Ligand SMILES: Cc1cc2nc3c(=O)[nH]c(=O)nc-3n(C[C@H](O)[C@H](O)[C@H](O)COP(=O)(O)OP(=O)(O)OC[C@H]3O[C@@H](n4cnc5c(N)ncnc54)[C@H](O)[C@@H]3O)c2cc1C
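The chain below stands alone, shown as structure tokens; this is the form predicted alone.
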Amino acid sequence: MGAESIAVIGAGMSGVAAALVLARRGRRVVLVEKKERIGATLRGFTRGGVYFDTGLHYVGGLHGEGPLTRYFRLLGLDRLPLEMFNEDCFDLLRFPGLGLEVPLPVGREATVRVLSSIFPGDAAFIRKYFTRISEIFNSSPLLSFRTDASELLTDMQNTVSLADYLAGGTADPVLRTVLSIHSLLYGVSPEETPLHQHARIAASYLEGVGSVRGGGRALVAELEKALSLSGVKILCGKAAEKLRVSPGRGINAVLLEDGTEIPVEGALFTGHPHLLPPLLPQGSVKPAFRKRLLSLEDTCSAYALFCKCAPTPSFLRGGNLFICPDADTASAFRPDCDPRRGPFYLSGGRDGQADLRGLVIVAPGSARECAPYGASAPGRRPAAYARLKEERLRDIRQKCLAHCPELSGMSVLDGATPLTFRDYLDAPGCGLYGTKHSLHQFNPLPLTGIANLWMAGQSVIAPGILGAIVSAIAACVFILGREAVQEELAACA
């Protein structure tokens, strides 16, 4: 490929974003993806003529000049058609045992007003909370479009948990659940989550919530066009097997499983951190770094139901539903969680002949429960696993119908277990969102100890679509230099 060539390993959102930025800055980029197509998770899938948008339920930061809007512009997606969610209630929280429903509207002032009317005794703290997470969000370097590398490191250093912050402001367990409900969307308990990490996700929903018209598959189609225009070389269906390292030069080649050798001047790894050490020769990185990557804990896992529901309940058209049978959702994050207890996250779509989207129901799932079947592969699971899966999916369906009778027309077309997510997401620990960003472990940064090997992805900086892009930009700061990246960010202002 010649000088200044970089291999990007993994063609999810982070890998594609990095490839596009690097190509814009004159790097010759080869994008390596072991699956047959790029953006496998983002694409979703179809069952029985129904499309399930598994990778792009909804995202924040889509208002006018919001960070995700600007990042899409940076990636050449400035004409991406968007669908904004219901401004009066993009998320509905239902507490069946209390006979209570709490709508979350778009807009900080609207949210403060609605929650203060439901929890009048905590009105002052509600305003304080939303002010605080907005401050954190707006001051975060790559969300406020500053790129000082030293700030990236400082931004990761915080020791206050979300649970402690909430407990210090309100004694109401229901309000604490409402304010921490989006922890379910990044898979780490409020007790473990730094307040700053929660703010990066939750505050993104305050000003603009929506999705891409046509779902994740439409987003991937636009990304494919952008990659083609940028000249990025794409190698799909060929997994990276080894990274060749030479003394003094670092990474000089990527070896694929079919024997192909790609000479490079550097490499960016965007997969699960557990998968990087096996690619590296012994002694190429410090033993402590290798051990740290392999010992990182995953986010929580889940069971999922993929359903057809006609008609779709009104609150699932442009919105989502969280069913919380217990006021406290802490059990969802425990290693021995019971999926029948909930909470349950329901994401629906639109009714329409041209674009019928299915209903996705996600319930907490224990990787331990599926561990006895961990050596099996998709399509070759033992009968005991099939019975467990059938039982769990049946029970989840019944619980959801009991708490949400509006779903009476629901039929299940397919389902997933923690093992499904392990194999579908290439997540060795069955986690839905990479490794935990928690107070108890130090996640990798873009730097690896090898001068021309960098990391990005959900396990670096933050999870989700926005987090994946931010991690890619953070890596590009170290690859290209702060000034080059700043120029790119300024161009999308």
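So that there is no doubt, residue numbering starts at 1 and follows the sequence shown. Small disclaimer: the values here were computed from a predicted structure and weren't measured.
Keep in mind the form predicted together with the named molecule is missing from the figure; the text below concerns it.
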The single option of L166, L279, C400, L195 touching the named molecule in the model of the complex, heavy atom within 4.5 Å: L279
Contact residue in the model of the complex, from L62, M455, V29, V32 (heavy atom within 4.5 Å of the named molecule): V32
Any non-hydrogen atom of Y433 within 4.5 angstroms of the named molecule in the model of the complex: yes
4.5 Å heavy atom contact, F421 and the named molecule in the model of the complex: yes
Proximity of Y58 to the named molecule in the model of the complex, heavy atoms at 4.5 Å: yes
Close approach of V485 to the named molecule in the model of the complex, 4.5 Å, heavy atom: no
Stretch from 403-411, 238-246, 390-398, 96-104 whose residues place a heavy atom within 4.5 Å of the named molecule in the model of the complex: 238-246
Site check L275, D426 and I465: each within 4.5 Å of the named molecule in the model of the complex by heavy atom: yes
Residues from 11-34 in contact with the named molecule (non-hydrogen atom within 4.5 Å) in the model of the complex: A11, G12, M13, S14, G15, V32, E33, K34
